[in-house]
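Just the one chain here, the form predicted on its own, laid out as structure tokens.
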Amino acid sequence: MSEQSETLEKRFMKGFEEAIPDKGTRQILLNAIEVFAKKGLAGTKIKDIAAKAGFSQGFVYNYFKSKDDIFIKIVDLAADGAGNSVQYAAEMQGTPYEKIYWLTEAFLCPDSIAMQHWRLIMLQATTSEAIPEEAVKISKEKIKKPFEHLIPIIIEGQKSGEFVDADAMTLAVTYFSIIQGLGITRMQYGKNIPFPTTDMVLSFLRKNPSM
């Protein structure tokens, strides 16, 4: 992984820590994500989250009233984090392709919080009827944030000749669909499954991928 991608990955986690300063709350949320991903919202109980986090049920209830409250908080963080992760890359010094390359490399990192957790939770929030109404509302309100930061990079790359001449929104949708799909695959099969390289993932976007 490049130095720039490592910087982005660290910034992902820093953003999470800034959003949730309390360590206990962070530990509950991070472990709850794992439980929700494996059991789904309907199959998850507070005792499952508490056991995974190494806490008592009473301790978890000191922070959250219910598993729905935990899930809603995760979705809110996921929606903000998805947009912020692209914004962090957009603010870096480099060409449009370099910025997206570094972002993708950070997403593909096996331990990336953005890759493993946020994308899957956002997908669940927009597709399952069992999801709390508040979670669906948050996801719908913030779903455009990543596109708002990625599309300008794509347009800039098209102007410089780095990216193919196609509708920028379509290219952005394609990019996030690939990233989200890879995130779900990693959650289902673990870190050891063979993954495409960053160059492979971005081959659809480059005007001259062999160069």
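The term rigid core refers to the most C-alpha atoms you can superpose between the two forms while keeping them within 1.5 Å. Computed from a predicted model, the values in this text were never measured in an experiment. Sequential numbering from 1, following the sequence displayed.
One more form of this protein, predicted in complex with the DNA, exists but is not displayed; see below.
*Looking at 182-190, 167-175, 49-57, 150-158, which lies within 4.5 angstroms of the DNA in the model of the complex, counting heavy atoms?*
Stretch with heavy atoms near the partner: 49-57.
*Decide yes or no: are T44, Y63 and S66 jointly within 4.5 Å of the DNA in the model of the complex, with each residue judged by its heavy atoms?*
Yes, all three are in contact.
*Since the partner is left out here, which residues of 84-109 would have a heavy atom within 4.5 Å of the DNA in the model of the complex?*
Read in sequence order, no residue approaches the DNA (within 4.5 Å, in the model of the complex).
*asked:* When the rigid core is used for the superposition, does D22 move between this form and the one not shown (threshold: C-alpha shift of 2 Å or more)?
replied: Shift at D22: 2 Å or more after core fit.
*Does L150 show a Cα shift reaching 2 Å between this form and the one not shown after rigid-core superposition?*
No: L150 shifts by under 2 Å between this form and the one not shown.
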